[in-house]
Every structure is written in structure tokens, then in C-alpha cells.
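Okay, so here's just one chain, in C-alpha cells, the form predicted alone.
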Amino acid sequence: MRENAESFHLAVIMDGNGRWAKGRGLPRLMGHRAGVEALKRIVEACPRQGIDYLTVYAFSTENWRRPSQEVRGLMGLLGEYIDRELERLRENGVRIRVLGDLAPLAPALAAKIRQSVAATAANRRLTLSLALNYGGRQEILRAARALAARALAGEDPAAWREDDVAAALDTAGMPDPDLLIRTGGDLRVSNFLLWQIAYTEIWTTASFWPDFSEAELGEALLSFRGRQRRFGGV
């Protein structure tokens, strides 16, 4: 499933923005704003660290349950990020991809996101995938529906292999993550990339996302390089 056997894919669950803000007596939105700054740091660090793909959990399907004011603030921050960073991302060779369903987003924001994807489509230095209104189970369901449509059109499902499923996922054409980092201290995958992380190494930290640095990213990569990946073998 690798586009390039030498490419490295890092996935990140960016957790702890709200707790970071609470610990400082700040509104939760300030924590999310600080989280955007952390994302900018890590995006810039990835090429230096030999990372070709960065996939971040930006907004889950479950996040709609949060207070409406917080959801509006998060969507506003996303729009701000694109407005402020798109040109720099484009100039630095960053390709933007989106995982998830943009349909529930405000039309203007969804259009802005699609425009950023189109504007950076030719870039190859780093692929930054934003998981927006994303859930792993929902992604697999979308893939199942697409495969069912192919079967109804006359294809023989008995001939399908894992690559056929992978090609129907939002991550089609990308390698599976090598390493998944979760900040904030929790130890769960929270419906993130459920198909893709079958053999992904996991590294967690108690640091909240706004405090996550390139130095800590280096620690995670060092831990990863010291592991033996057997993929079910010996």
C-alpha cells in the first residue's frame, strides 16, 4: 500500500488543547488557537525529520457534540489557518489533502478547503492530510458503499483484495502510517484511521498538543527507530 517504500507517514491525534487552556485560566478557544501554532511548528519540522506524510486529526465526527460556540470557533480557526498559511504551504512544497466528509461544513469554508487542496495538488515535499468531520468507522462505511456499487455494476467481490478496500478509503494512494502520536496522556485511538493503523507503531505523551515541540517529535521518532516491526512475522 506504499506509494514509495522509503516514505514515512506520521499520524497525530492532537489532544489536550482544552485542558491546556483550562490550566492557564483561559477560554478553550485559546487552547485551540495555541494548537494551531503547534501544528505550524510540526508541519515545518516534518521535512527536517524525514517525514513525507503528516495526517492530523483536526475535527472528528463526534466533535459536533461540543458546545456550538466552540464548534464555530474551531471552524473559524480552520478558515484563518488556510487564509494565513496557504501561500507559505504552497511555496514550501506542502500538499494539502482532506480526509472525511466536508458536506456538513459551511459552504464557504468547504469551498475554501477545496481550493487549498487544488492550489497545492502539485506539491510533493510533504503531504499534510487534515482529517475534518472524520471518523474511521464512517470512512470504512463509505468505502463499503462504494464497493457495493461496484458489485451491483457487475464486479465479482470474490476477486477483491485488501488493496481494493484501501483504494476506496479517503487515504487512497497514501502509505499506511508508520507512527501514530497521541498527545494529552490518553491511551486510545478514538476512531482514527482504523483500517490504516493495523500495524502502526504508537507513541503517547502526557504533553498537551500546544506544548508539543520538534524536540519531543524527535523523541518519538527515536523510540520508533528502536522498535522491531515484524508485521505478524518473527
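Residue indices: 1-based, along the sequence shown. Just so you know, these numbers come straight off a predicted model, no measurement behind them.
Just so it is clear, the following notes concern the form predicted together with ligand FPP, a form of the same protein that is not shown.
Undergrad: Can all three of D15, L77 and L130 be found with a heavy atom no more than 4.5 Å from ligand FPP in the predicted bound form?
TA: Affirmative, all three are within 4.5 Å.
Undergrad: Scan L193, A58, L54, I181 and let me know which has any heavy atom within 4.5 Å of ligand FPP in the predicted bound form.
TA: Answer to the contact question: A58.
Undergrad: Check each of Q49, T200, N63, T204 and return the one that places a heavy atom within 4.5 angstroms of ligand FPP in the predicted bound form.
TA: Answer to the contact question: N63.
Undergrad: Look at the stretches 133 to 141, 78 to 86, 115 to 123, 151 to 159 and give the one with heavy atoms within 4.5 Å of ligand FPP in the predicted bound form.
TA: Residues of 78 to 86 come within 4.5 Å of the partner.
Undergrad: Please check if E44 has a heavy atom lying within 4.5 Å of any heavy atom of ligand FPP in the predicted bound form.
TA: Although ligand FPP is absent here, E44 would stay clear of it in the predicted bound form, with no heavy atoms inside 4.5 Å.
Undergrad: Although ligand FPP is absent from this view, report whether P177 comes within 4.5 Å of it in the predicted bound form, heavy atoms only.
TA: P177: no contact with ligand FPP in the predicted bound form.
Undergrad: Does the 4.5 Å heavy atom contact test between R24 and ligand FPP in the predicted bound form come out positive?
TA: The answer is no: R24 has no heavy atom within 4.5 Å of ligand FPP.
Undergrad: L169: heavy atom within 4.5 Å of ligand FPP in the predicted bound form?
TA: Answer no; every heavy atom of L169 is more than 4.5 Å from ligand FPP in the predicted bound form.
Undergrad: Which residues in 195 to 230 have a heavy atom within 4.5 Å of ligand FPP in the predicted bound form?
TA: Heavy-atom contacts to ligand FPP in the predicted bound form: only W209.
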